[in-house]
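For reference, the chain that follows is the form predicted alone, supplied as structure tokens.
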């Protein structure tokens, strides 16, 4: 796909001009596992502006200084994370008594965010498919002071766990069309092949939920075959599944209208919404509470 084709493609989903011209701003998440927000604001030398999320900030470390090279980052007082990437954990909203599955956890941004929301209580199974990806996961959860996560390496398309977790996050591997120049490698066949893995991960993780459990499915792509289509298939094949309101207020567009009124509950985040990468986020529930 060339640039013009991508622009035309994106226009079928949102205002392509706004999406492609939106500035990408650096953001951080204050890590309250290590330091209270008020204390961080008092000691940090970063220039910060608030966002929709109380612990998420647009940040600048100064000319020529990377946020990942600051003492705040080194000490685990904050984590560099896109604003869009913070949204899935906020939507899942795990608490201190939850047992959470993070099906594709590396590099640990969402795992550590969920741990923070849980006050390091409850339990998280932070899983990824191989040890190579697991190294970044280990590094981040150690730096950020995560104590309630157990790291596992297994294929999330066939977890073989039934009716156990109270919450699950499936931040699925995808065609990454919200990333710069990813469109150059995009083909319908590539997306189709990826979607087969996504669907297996979604079904496996859903089946691992206990009755009344909640699951958040997210990707950083615009392709409906990897987003609405995956959710539609789960709703058709698992009668106990239902779409739920996100429960969090942030700028976004609803799911594609061609999938029906229920898909108004899912979120399509585009770069123009808060100067961050594009994301798809859906929240599902298994049966009754």
Partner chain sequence: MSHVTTFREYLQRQFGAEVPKEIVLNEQEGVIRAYSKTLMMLKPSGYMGFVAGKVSTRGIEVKSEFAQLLRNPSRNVLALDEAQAKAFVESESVAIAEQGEGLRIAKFGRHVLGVGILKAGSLHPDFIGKGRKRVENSINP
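On a predicted model such as this, the values are computed, not experimentally measured, just so you know. Positions refer to the first chain, counted from 1.
Keep in mind the form predicted in complex with its partner chain is missing from the figure; the text below concerns it.
Taking a 4.5 Å heavy atom cutoff to its partner chain in the predicted bound form, the contact residue among 99, 210, 129, 182 is 99. For the residues 220, 46, 241, 230, the 4.5 Å heavy atom test against its partner chain in the predicted bound form is passed only by 46.
Picking from 79-87, 159-167, 210-218, 195-203 the stretch near its partner chain in the predicted bound form, with a 4.5 Å limit on heavy atoms, gives 159-167. In the predicted bound form, its partner chain sits within 4.5 Å of a heavy atom of residue 125.
A residue is said to contact a partner when one of its heavy atoms sits within 4.5 Å of a partner heavy atom; residue 34 meets this definition for its partner chain in the predicted bound form. Residue 171 falls outside the set of residues with a heavy atom inside 4.5 Å of its partner chain in the predicted bound form. Residue contact check for residue 236: none of its heavy atoms lie within 4.5 Å of its partner chain in the predicted bound form. Applying a 4.5 Å heavy atom cutoff to its partner chain in the predicted bound form picks out 131, 138, 141, 142, 143, 145, 146, 147, 148, 149, 150, 151, 152, 154, 161, 164, 165 from 128-165, in order along the sequence.
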